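In structure tokens, one chain follows: the form predicted on its own.
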């Protein structure tokens, strides 16, 4: 049963750009367009609206705006350089392998990249202002998009971000206060008021007691461009009585002191007593650390260290989402499915950038359906060389640990366990759809 698509082609984009030092070659007068030529108003502005402006707009985290022709034009050489490097927007799924259909995909197509390149090389034509699309309306990122939450758990302390200083990753734990088990129907991680410029992302992880050991699973994340989390009808996440929420907040200074008065994670629950048919879990997959055995072994001055980990699926499973988890030396990760008949399917590969924690949620009709006994194989590559700009000291061996200077290599994978009858039905429906 192989229903995983493998498609070719590369599609990365342009969003965060660096310095306008090279912009002096641009004149103040916009060139005049002729019929059939690529212009900003008609061709480029719609691309920027879809894939760039969520970050590149006044008041957001990007260093410059791409809202108008006058905003974008001085950055043309930087834009072209980023396109050549295929670095932006922050969507790093490799486009020549594995599943290619995701929810909330902000990447640029080959055609988008070609359009921007032709615009730059063709003289940066402004075009007819009447061709400009209506200005994009943005959601208020400080408002709840899940409706009024039934429960909000907040970071337990304020944090002051100085006007200047290195990036900081702050972890803290807060109790949910729940005295009974509840099932989550929707959730959203939201930044504190007035912190959009200094918060890069906030991740939330659930810790709860299960049997003789503490369970931990990734829940939700705030970062620009990410939506609230809504469970499919009939699915929910179990939040147990006495559970705790671990927050990790990535701060970066932005020229003025800001006090973060606490990000929060909001939940909307199913009614009391309602148990959804499918329980979604978000678990670490392919973690090579077992007990006291450190499976992370990254030698000094090595630019290409491979680490493998495996997790067995005991039940038929629908995989919902994939998020690589590494630290500063991580550079790439792949997730494979080794099926019980020993066939191997590559589900996803992604470049890794420690500054961006990205979750890739599969489109409903291509989300992997995997039989019981499948091994999920996680392959991580680490760069502990001087060529890694995030590497503080390539002379040091690196092992497992929670500190930024340590490393990890696993994936957070959202999944739903299925009974055999439901699995067989879903596989048959998927097969019929792809053969029609």
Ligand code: HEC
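Note that the structure is a prediction, hence the values are computed from the model and not measured. Numbering follows the first chain given and starts at 1.
What follows is about the form predicted in complex with heme C (HEC), which we do not show.
- Residues with any non-hydrogen atom within 4.5 angstroms of heme C (HEC) in the predicted complex fall in just one of 364-372, 59-67, 378-386, 401-409: 59-67.
- Shown alone here, residue 127 lies farther than 4.5 Å from heme C (HEC) in the predicted complex, counting heavy atoms only.
- Among residues of the shown chain, residue 89 is one whose heavy atoms approach heme C (HEC) to within 4.5 Å in the predicted complex.
- Taking the partner from elsewhere, residue 82 is found to have a heavy atom lying within 4.5 Å of heme C (HEC) in the predicted complex.
- Using a 4.5 angstroms threshold between heavy atoms, residue 285 stays clear of heme C (HEC) in the predicted complex.
- Proximity to heme C (HEC) in the predicted complex, defined as a heavy atom within 4.5 Å, singles out one entry of 311, 253, 78, 235, which is 78.
- Residue-level contacts in the predicted complex: of 278, 356, 138, 230, one residue has a heavy atom within 4.5 Å of heme C (HEC), and it is 356.
- Scanning 94-119 for heavy atoms within 4.5 Å of heme C (HEC) in the predicted complex gives 106, 108 in sequence order.
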